[in-house]
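Before any questions on binding or motion, here is one chain by itself as structure tokens, the form predicted alone.
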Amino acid sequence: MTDENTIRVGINGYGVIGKRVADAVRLQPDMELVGVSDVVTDYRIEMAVQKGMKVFASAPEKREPMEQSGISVKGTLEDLLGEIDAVVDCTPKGIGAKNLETYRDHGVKALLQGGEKHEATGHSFVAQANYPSALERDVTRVVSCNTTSTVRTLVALDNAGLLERGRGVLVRRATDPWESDHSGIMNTVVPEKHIPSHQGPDAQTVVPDLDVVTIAAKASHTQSHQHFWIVDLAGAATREEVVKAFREAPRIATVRADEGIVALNSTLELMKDLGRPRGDMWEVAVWEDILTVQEDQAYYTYQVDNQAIVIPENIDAIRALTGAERDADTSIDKTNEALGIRRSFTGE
């Protein structure tokens, strides 16, 4: 039986992010996954059924096709909304904002993903940066994978009194791996048409006073993103001080090229060796032995798992919106422990 203090959660959209959020919710000691909602009839939603999740139809007209395909449908999205405290919208870009009115009508807290615009919610979220400002709001937006990593790393330096300004170059994956049969690019690199690219201004929706500029390009691979940063520090600092700032952050983990972690595929293989579900990496992976500091400038590179990095942020956002946990560090610690988030992948 569910404790009266347990947060009842629903997921709308059981895709790349939705299925991961659903699994993460089920691991939290203070949450219950009431159900997931979608419109598809293929193997993806069948996996939810096989895992014992209750499935709902996101659109009433999709219920019959889902049932005809053999999916046991418990009701519609509106039925699910009547049973929960918070909904995590993981629908395709543009749909989440349209769903907000429905969520508000049912009086549930709502989380949108980074594909939606900041203006849709008026609030954007990264747990270590602005958790208190999300407390008991009706809605927030968990920012994109690249923006999440930007905020995590720059705020880590800022919290240590080291940050003046950051300038980053982002090499983005072409598409999610499961879509590589029908989308993405081949044998080319496509620069974003504007500088700054959207990730820098997006980071400022979370931390308005960040002095950050990003340049981005899309490359012909599907295995996560890589960032390269030149950061002006607040004053002369040592390499050890910068490494310490990253190591003390709650969702940054160090890797080393001299231990064989030499490329994006190396880190993802390591995640599988660690037994991570789906090979996911929730942390930002900073190459510790590549990081260089010269007086008041730091140079570093890190990896972003676009399918996984935002999952812990969604969990913390649920707690913040519902007011179930008012302290950011406590929520972050709960989430990190439940998922097994680390600060170093080897040697510790």
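Numbering starts at 1 and runs along the sequence shown. Model, not experiment: these values are computed from the prediction.
Just so it is clear, the following notes concern the form predicted in complex with a further copy of the same chain, a form of the same protein that is not shown.
Report task. Indicate whether a further copy of the same chain has at least one heavy atom within 4.5 Å of a heavy atom of residue 296 in the predicted bound form. Result -> Looking in the predicted bound form, residue contacts with a further copy of the same chain include residue 296, since a heavy atom lies within 4.5 Å.
Query - 4.5 Å heavy atom contact, residue 301 to a further copy of the same chain in the predicted bound form - result: Judged by the heavy-atom cut-off of 4.5 Å, residue 301 is in contact with a further copy of the same chain in the predicted bound form.
Query raised in the report: Any of the heavy atoms of residue 236 lying within 4.5 Å of a further copy of the same chain in the predicted bound form?
Result: No, residue 236 stays farther than 4.5 Å from a further copy of the same chain in the predicted bound form.
Query raised in the report: Would residue 249 sit within 4.5 Å of a further copy of the same chain in the predicted bound form, counting heavy atoms only?
Result: Outside the cut-off, so no.
Query raised in the report: Within 4.5 Å of a further copy of the same chain in the predicted bound form, heavy atoms considered, which of 243, 274, 207, 263?
Result: Among 243, 274, 207, 263, a heavy atom within 4.5 Å of a further copy of the same chain in the predicted bound form occurs only for 263.
Query raised in the report: Of 106, 118, 198, 165, which residue is found within 4.5 angstroms of a further copy of the same chain in the predicted bound form when only non-hydrogen atoms are counted?
Result: By the 4.5 Å criterion, the partner-contacting residue is 165.
**Report entry** Options 67-75, 152-160, 274-282, 228-236; stretch whose heavy atom lies within 4.5 Å of a further copy of the same chain in the predicted bound form
**Finding:** Only one stretch qualifies here: 228-236.
Query raised in the report: Quick check: do 192, 220 and 257 each get a heavy atom within 4.5 Å of a further copy of the same chain in the predicted bound form?
Result: Looking in the predicted bound form, the three residues 192, 220 and 257 all sit within 4.5 Å of a further copy of the same chain (heavy atoms).
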